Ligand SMILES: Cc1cc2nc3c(=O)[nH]c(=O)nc-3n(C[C@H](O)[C@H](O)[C@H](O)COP(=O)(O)O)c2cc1C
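In structure tokens, one chain follows: the form predicted on its own.
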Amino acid sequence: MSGKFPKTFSSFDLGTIKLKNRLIMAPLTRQSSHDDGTPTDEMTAYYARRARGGLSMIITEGTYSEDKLGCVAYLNQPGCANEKHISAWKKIVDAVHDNGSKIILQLMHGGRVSDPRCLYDNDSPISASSTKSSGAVLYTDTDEEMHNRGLAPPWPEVNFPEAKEASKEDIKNISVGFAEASERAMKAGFDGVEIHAANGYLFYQFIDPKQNLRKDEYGGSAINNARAVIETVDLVRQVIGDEKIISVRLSQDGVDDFEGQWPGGVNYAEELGKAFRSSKADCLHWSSFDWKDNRDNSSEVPMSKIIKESSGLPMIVNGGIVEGDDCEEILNSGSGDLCAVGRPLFAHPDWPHIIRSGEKYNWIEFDRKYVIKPSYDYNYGYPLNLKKSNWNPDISIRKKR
């Protein structure tokens, strides 16, 4: 193989686990599980195919930890909440391991941006504070996407209801739910877990000063805003032990605030990094649309580098990675230790092998149809047997207990 990207294809020790290179698959929302959250054979094919492409590790799509407290974020989201889920995930984990890659499970809670159709009757979404998102549910926003998912227009805009402020007991119960799901993930054979505190979901709602209006120990400063996440990380560590990976994903923007930025900018990022310094996390994971853009006019230093240096933890960097040169720049600039690749892997599961070859390649422009129907591994699943979506556009519908 070519030595064109020596840093990218060097090994790295993450916690106690040796990764064969610095390329990781970013968590990519697909909504392709069964209606009850059980992962499908299609998902096995999807993850196995990307593992075969040469990645050192895969971070799964966001997975709910339990079906209560408004945790489920969107329709056909996978879960890790019961024995049936464990068995299905084990098939995926084994397939990924057979193809030479590690895999960790991303756990998340939707918070105030949970699809209202995923709530139970008389339940309200939960958040850091009593707020209401001005955004709308994603992934049914074009006629083409509805057609690809087997859905028929018209499809109304699905908005989010008012969220209630999480009590301290709620926060503790949510942490316990993450720990219990992490224990189930270990039974499925995962190499670790990632706590999702980015992109608009519940723990992001605690970290973002614009949404966290609390006056207690869970709000009012970077260290307080991060407290619910860090308590969850430390509880998960007690459950899964020291040999497994714990990552925490962070971002400034969310599904309802694509231009989001933190008040205080790089200063807030530095304080946030310091908050994680004494946590039990093995690494942090910076998510953005462009890893270089810190959205703070006072500094040009990437947020990932600021948080990496202030936390003292290894950093995974995601956002705007298209070519191998992008990875080398991240690694050589000290902005990160690992590169999480997203969109290119939907259409090009051999992306790592392609860039390592050093040959010029005519990349396919990203299209969300690859999210719905990506390239598969026929050793594990067949596209002719894909699950059909059956999403009801009636936004007044709630789940029954």
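Keep in mind the model is a prediction, meaning the values are calculated, not measured. Note that residue numbering follows the sequence shown and begins at 1.
Unshown form predicted together with the named molecule; subsequent notes refer to it.
Engineer: Answer for S288 alone: is it within 4.5 Å of the named molecule in the model of the complex, judged on heavy atom distances?
Structural biologist: Yes - in the model of the complex, heavy atoms of S288 and the named molecule come within 4.5 Å of each other.
Engineer: Though only this chain appears here, would E61 touch the named molecule in the model of the complex if you measure heavy atom gaps against 4.5 Å?
Structural biologist: Yes, E61 lies within 4.5 Å of the named molecule in the model of the complex.
Engineer: With a 4.5 Å heavy atom cut-off, would you call H109 a contact of the named molecule in the model of the complex?
Structural biologist: No.
Engineer: If we define contact as a non-hydrogen atom of the residue within 4.5 angstroms of the partner, is P116 a contact of the named molecule in the model of the complex?
Structural biologist: No, P116 sits far enough from the named molecule in the model of the complex that none of its heavy atoms falls within 4.5 Å.
Engineer: Tell me, please, which stretch of 32-40, 65-73, 338-346, 48-56 lies within 4.5 angstroms of the named molecule in the model of the complex when heavy atoms are compared?
Structural biologist: This holds for exactly one stretch, 338-346.
Engineer: Which one, P314, G260, G177, G319, lies within 4.5 Å of the named molecule in the model of the complex by heavy atoms?
Structural biologist: That would be G319.
Engineer: Heavy atom within 4.5 Å of the named molecule in the model of the complex: which of Q211, S247, S182, N199?
Structural biologist: Answer to the contact question: N199.
Engineer: Just to make sure I understand: among 9-33, which residues lie within 4.5 Å of the named molecule in the model of the complex, judging by heavy atoms?
Structural biologist: In sequence order, A26, P27, L28, T29, R30 come within 4.5 Å of the partner.
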